[in-house]
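In structure tokens, one chain follows: the form predicted alone.
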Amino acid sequence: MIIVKDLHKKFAGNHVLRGVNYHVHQGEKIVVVGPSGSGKSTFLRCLNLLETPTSGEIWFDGQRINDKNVNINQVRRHMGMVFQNFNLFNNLTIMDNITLAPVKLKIMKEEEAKEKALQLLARVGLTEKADAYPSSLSGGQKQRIAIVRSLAMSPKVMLFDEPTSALDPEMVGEVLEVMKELAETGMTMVVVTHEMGFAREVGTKVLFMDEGIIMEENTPSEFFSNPKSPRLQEFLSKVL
């Protein structure tokens, strides 16, 4: 579903991604871990061109999306994105946050979008918040709403950029629970996270990034029980 070929990204003099190659297949849950500054979030943000690669190729659904002739906004309709800081519109109700994109992009009529929004809110246990504003919600509730907002577009893949790192510890669980349930529906997911328990439980593959490359990848059981590189061994000894 996603093919990344020789991906490089430089910011000024800083070479953040140094030739990343990777394939994501339909239905996979790819969990990306590594130290701060290793390039994880930049890699994720290149997948939907929130960051423009310096060089290399990114393919999604058979189309090279960093070709200048591609309408990236059309492509992004199929790639849900959940950010660290929720990115909800504070001046809109929860219902309007969720229905805005499907209605504006004429993917659904308003009634249909509202019906879908209510179904999704029920799924994350927040039906009663439809008419509330984001400012009245906890961080965990906001992030669940942010996930619902992405799902309202019926994406083919969901990208998560450290979705729990801005949350109080006791709210992390409620967001990870929603992500686990989503994984169980067969959604293709790429998740950058510090939550090793989630990586172990939900990932089909775990990638370890450091210094702008994918240093190691494996199934969760092998990744955590049998790390090959000294750098990954050192990293796991600090985070587990």
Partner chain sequence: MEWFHSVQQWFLSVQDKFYMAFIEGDRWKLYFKGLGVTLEVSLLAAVLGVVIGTILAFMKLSMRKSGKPTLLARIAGIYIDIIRGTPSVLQLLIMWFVVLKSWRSGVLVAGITFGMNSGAYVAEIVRAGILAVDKGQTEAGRSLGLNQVETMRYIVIPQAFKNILPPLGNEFIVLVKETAIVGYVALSDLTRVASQISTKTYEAFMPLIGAAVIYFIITKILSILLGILERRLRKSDNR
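Residue numbers count along the first chain shown, from 1. What you see is a predicted model; the values in this text were computed from it and never measured.
There is another form of this protein, the form predicted in complex with the partner chain, and it is not shown here; the text below is about that form.
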query: Listed residue that, although the partner chain is not shown, lies within 4.5 Å of it in the predicted complex (heavy atoms), from M95, L126, L88, M108; finding: L88
query: The single option of L100, A122, A166, A130 touching the partner chain in the predicted complex, heavy atom within 4.5 Å; finding: L100
query: Distance check, R149 to the partner chain in the predicted complex, heavy atom within 4.5 Å; finding: yes
query: I145: touches the partner chain in the predicted complex, heavy atom cutoff 4.5 angstroms; finding: no
query: Contact label in the predicted complex: A117 to the partner chain, heavy atom within 4.5 Å; finding: no
query: L50, heavy atom within 4.5 angstroms of the partner chain in the predicted complex; finding: yes
query: Check all three, R76, F83 and K104, heavy atom within 4.5 Å of the partner chain in the predicted complex; finding: yes
query: Proximity to the partner chain in the predicted complex (heavy atom, within 4.5 Å), stretch among 198-206, 181-189, 42-50, 57-65; finding: 42-50
